[in-house]
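Okay, so we've got a single protein chain in two different forms coming up as structure tokens, structure 1 first and structure 2 after it.
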Structure 1
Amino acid sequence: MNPNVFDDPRITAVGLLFEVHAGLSARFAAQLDEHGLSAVEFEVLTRLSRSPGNQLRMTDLAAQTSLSTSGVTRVVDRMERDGLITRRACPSDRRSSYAVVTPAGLQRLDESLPGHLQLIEDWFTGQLDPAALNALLDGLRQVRDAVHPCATAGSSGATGATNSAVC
């Protein structure tokens, strides 16, 4: 094996991505735990809250979170028991249902967001000047759309690869 292969910028890029993700995830998990939320529960509440009517079809929620449909069902079951979300039948398709944020879920999100946003500012976006942040966001969207084209399934204004992908 060529020892210089590990100097390849592709290896460095992925390694840095993993290191940043691990560092941010650890900080986020500790902060969210203070509010009785797991990272997955926070993501579900955030994705639902950012969607029209604070709701998504269960299949779209699965596509957006990279969870399996059974994984989303388990998370939604748990969050429904905790009163954070509820299910609503889809009027046009009896086989489908919506996950909808409850007022209690919105309150829990509102309580956790200030600390979460501060962590993002302190450890991620605040580390970059505006031009670097915009370039990073553009690059991340481009890679996200390539590797996870259903990441915005069910959202209003979904464009690009999402529209042509089978989600």
Structure 2
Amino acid sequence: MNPNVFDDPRITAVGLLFEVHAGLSARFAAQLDEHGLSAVEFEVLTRLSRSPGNQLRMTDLAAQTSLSTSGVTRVVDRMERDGLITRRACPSDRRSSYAVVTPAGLQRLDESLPGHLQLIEDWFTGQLDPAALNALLDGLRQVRDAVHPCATAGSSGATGATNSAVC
């Protein structure tokens, strides 16, 4: 084993990306924790709030987060217990149920969002001048388009309607 394989530029590139992700994640989690939210709970709140009627079917919510359907069931359990969201029966399909944000959930999001945006600016977007930031984002966009799960999720075209709203 040649020890210098670890100096391979490919390794250092992903190392860089992952370190940035880890650093940002940690700071986000710390700030969200001050508002009694975990990272996934914040994302659930965000996804629901940007959806029409502040609601989403459980399956669609799972598709938009990086959670399995059972994971969504559990996080919705917790947040419903905390009064942040509620389940509502779907009128057109009795298998489905909606997760809908409560006023308390919206308020919690309002409280935590400004600090979150400030954190992004302080530790990420504000660290680079506009040109460098654009170059970074362009590169990320290009990689994202290649590696994005939606590009490979074309196995069953039946769910295309919901996926089209996501991607």
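Treat the numbers as computed from the prediction; the structure is a model and nothing was measured. Every residue number counts along structure 1's sequence, beginning with 1. Note that the rigid core is defined as the largest set of C-alphas that superpose within 1.5 Å between two forms.
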Of structures 1 and 2, the form predicted alone: 1
Angle through which the smaller rigid unit swings between structures 1 and 2, given in whole degrees: 17
Core-fitted comparison between structures 1 and 2 - CA shift at Leu128, Å: 3.7
